[in-house]
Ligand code: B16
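Coming up is one lone chain in structure tokens, specifically the form predicted on its own.
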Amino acid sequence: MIKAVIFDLDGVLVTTDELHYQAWKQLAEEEGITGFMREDNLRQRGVSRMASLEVVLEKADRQYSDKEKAALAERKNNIYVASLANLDKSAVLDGAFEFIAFLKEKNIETAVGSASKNTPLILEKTGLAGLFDAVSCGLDTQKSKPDPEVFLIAADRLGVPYENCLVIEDSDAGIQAAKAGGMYALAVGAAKENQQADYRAADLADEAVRGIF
């Protein structure tokens, strides 16, 4: 029985994918790194900032030290955070508010489990803050998806057994993480064809999502 739902953030509740892509692209251009494309950006879905940086640096013509990598990741984040200045409720994806309300009516616990360290800021600016019983994000974790750590922390904060949790994800790494944590997985968006998932739907507005409950 599903007693809790853990939401990924980007691509599930809100759309900031384009902002991330533009920030990484700007960083690449500033470093003289060519060839970073949207196809590369797809590989950055659901993983940590440092793992995402490695995707960019694959195209670099030199090696970067750990200190340099940390500085690059910070630069990218500064570019990205600056782009969040105008973020508001319009960034929330179709069906998100309604589905959260539906779960509350069903007395199902809710949490956010995101690799992003900017999760609290994004939730605040989009009007989603305060709607969840727990939040787990990149500020709390040491390992990135497909490791299940971020979801396990969310479940622990809810006090719900892992086998009673459903994770909603739009990335293959996120689906893999959910299954590794012994949880149910609902694939939406870019991951909706993922066969590892227990359930699949276009987005949170899809009636098939409510049918799970």
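The shown structure was predicted, so the numbers you read here are calculated from the model rather than taken from an experiment. The numbering used is simple: start at 1 and walk along the sequence shown.
FYI, the form predicted together with the named molecule isn't displayed, but the following is about it.
For the three marked residues, Gly46, Arg49 and Asn77, a heavy atom of each sits within 4.5 Å of the named molecule in the predicted bound form. Contact check for His20: a non-hydrogen atom falls within 4.5 Å of the named molecule in the predicted bound form.
Although the partner is absent here, Lys117 is a contact residue: one of its heavy atoms lies within 4.5 angstroms of the named molecule in the predicted bound form. In the predicted bound form, the named molecule lies within 4.5 Å of some heavy atom of Leu9.
In the predicted bound form, Asp170 is the single residue of 152-185 with at least one heavy atom within 4.5 Å of the named molecule.
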